[in-house]
Each structure stands twice: as structure tokens, then as C-alpha cells.
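Next up: just one chain, as C-alpha cells, the form predicted on its own.
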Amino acid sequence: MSPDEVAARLTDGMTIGIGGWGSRRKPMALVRAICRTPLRDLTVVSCGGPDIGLLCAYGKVRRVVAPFVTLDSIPLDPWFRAARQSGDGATSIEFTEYDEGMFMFGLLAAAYRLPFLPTPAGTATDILRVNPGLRTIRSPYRTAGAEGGEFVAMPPLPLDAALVHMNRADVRGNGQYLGPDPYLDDLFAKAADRCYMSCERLVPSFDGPVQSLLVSRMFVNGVAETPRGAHFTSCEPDYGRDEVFQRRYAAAAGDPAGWQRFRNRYLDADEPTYQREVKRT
């Protein structure tokens, strides 16, 4: 598949999970392909980075579910911040914030098709105040003669579709990560009705430890080979984050004319044009 063919499988109003973490191993080629479609009213579930920022910039998002939206070396994505601070109903978005541990348990509950999972994450914090729909549950078991503690009953985070980016994949849909962290990409795939995976390179067989085979073909509906498809986020060890380009993205977000030039040059054309223009930068 191509990134555009993946984007064409998505529809308005979907809940879409996006793998990676902050500004690390994000399926940016797939996100850029969504930006070029007329898709709207998406709920995006993500350990957010520029994936959420770009989708906000293009008016694709109705609601974000996330523990954070950061560019790592830049604390907060500028387009997400603008969408949250906007009083304009046409551009503002809803935001559901969870603790990172709660977020993981929500994906895990969806992956296991459970109505909730208990977690100590988030207890005795303002997460319960800003999410009044959350409930707590007391353990029915005793530990060393004492009553069990109280836990957050984290509801599932089911996804209509998940998008992830792997270092290597095969044509059957198995995915391998080679970097320092698997993030939560396997849970995104399992929590979704459909999963689409981009990869740096399609391979006939895998090298490396079997534990690096993160995503099973059982959960994958399509693979798109997109070299440097995570740019400008990192995809270790194939490449690090493009800090210069990321600063250019953030700076353009604060200048309407500069943002239009940025869009015209890098984003509004197809993926090969994006990659060619990045090399010329």
C-alpha cells in the first residue's frame, strides 16, 4: 500500500490511534497523507507529538485523548496548544487527559476486550477531578490481613483504526522495531479494529532478537513501505530526530505567512515531494 491508499481507508468521525511516543517513531508519512484528504471530526488517541499537531493544523481533529502532546526538545506542540487555547468553536478541540499509566491500561483493556482494568495510576491526583466520569474500585482481596486498596477503574480505549511505524516489516504484516523502546505500538494494533503499518524497509526475513518482532501480522491490515516515513521524528537506529526541521515547523506555526510557505513547500504535495524538499533544505 501507499500512504495515500491507507488514508483512503479511513472515514470521517473515526477514532484513530497513532503509535510512537512524543516526537519519536511516529508514522508521519501516514499522518501527512491524512492531512491531504478531506477527512474531518477525528478522535485521535496518542502519546502525542507532531502527529496531533499536524492534524490540528489541518482541522482534522474533534477530540484528543492523550497523556501529553510534546515535541520532546520543544515542550508543547504549537498547533495543539493553539487549538486548545482557541475560543473559536471552528478550530478548538476537546481534550481528554490521562496519566501515562492510565493511558496504557486503557489500551490494554481495549486489546483484551475488557470493560475496565484497575490501576493505581492516577489515584489521589487531579486526573479524577478533570475526568469526572472515571470511577474507582476497591480490591476484593486482603493483603497481609489488611483491606485491599482503591484503584482507578480505567475504561478501555477502543480504536477504529491504528497507525504505527516500524523499522522493518514483511509483506505479511509482521513488524520489527530496532530502537531503544517499543513504546505502546503493539497495544495500539491490538486495541484497533484495523491496523495499518508503515515501515522504513520491507524485508524477506528479519535479523535480530525475536523480542524485537513487536507487531504480529494477525493485527495488521496493510503495510506501506515509506523510507524516512517517520521524519521529522526519530526512528532509531535508522535516523535521529531532525531537530533543525522540527524547529522550523514550530517557528512556522507562529507565523501565518510562514506556515503557508511551509505547507506549500513540504506538506500539500505528495510524500515523494516532501522527502525531496527535505533533502534540499
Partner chain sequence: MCAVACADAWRGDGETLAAAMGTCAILGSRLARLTFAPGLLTTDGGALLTRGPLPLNRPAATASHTAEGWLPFRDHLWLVLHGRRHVMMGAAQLDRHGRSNISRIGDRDRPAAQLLGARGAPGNTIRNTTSYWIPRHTRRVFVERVDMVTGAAATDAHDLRRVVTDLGVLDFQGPGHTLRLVSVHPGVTVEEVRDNTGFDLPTPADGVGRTRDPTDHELHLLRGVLDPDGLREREVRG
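Computed from a prediction, not measured in an experiment: that's the story for all the values here. Residue numbers count along the first chain shown, from 1.
There is another form of the same protein, the form predicted in complex with its partner chain; it is not shown, and what comes next is about it.
Of the candidate stretches 70 to 78, 198 to 206, 156 to 164, 134 to 142, only 70 to 78 has residues with heavy atoms within 4.5 Å of its partner chain in the predicted bound form. Heavy atoms of every residue among G101, T125 and P180 are located within 4.5 Å of its partner chain in the predicted bound form. Residue contact check for T119: one or more of its heavy atoms lie within 4.5 Å of its partner chain in the predicted bound form. Although the partner is absent here, L184 lies within 4.5 Å of its partner chain in the predicted bound form, judged by heavy atoms.
Although the partner is absent from this view, R84 contacts its partner chain in the predicted bound form, with a non-hydrogen atom inside 4.5 angstroms. Though the partner is left out of this view, W21 does reach within 4.5 Å of its partner chain in the predicted bound form, counting heavy atoms only.
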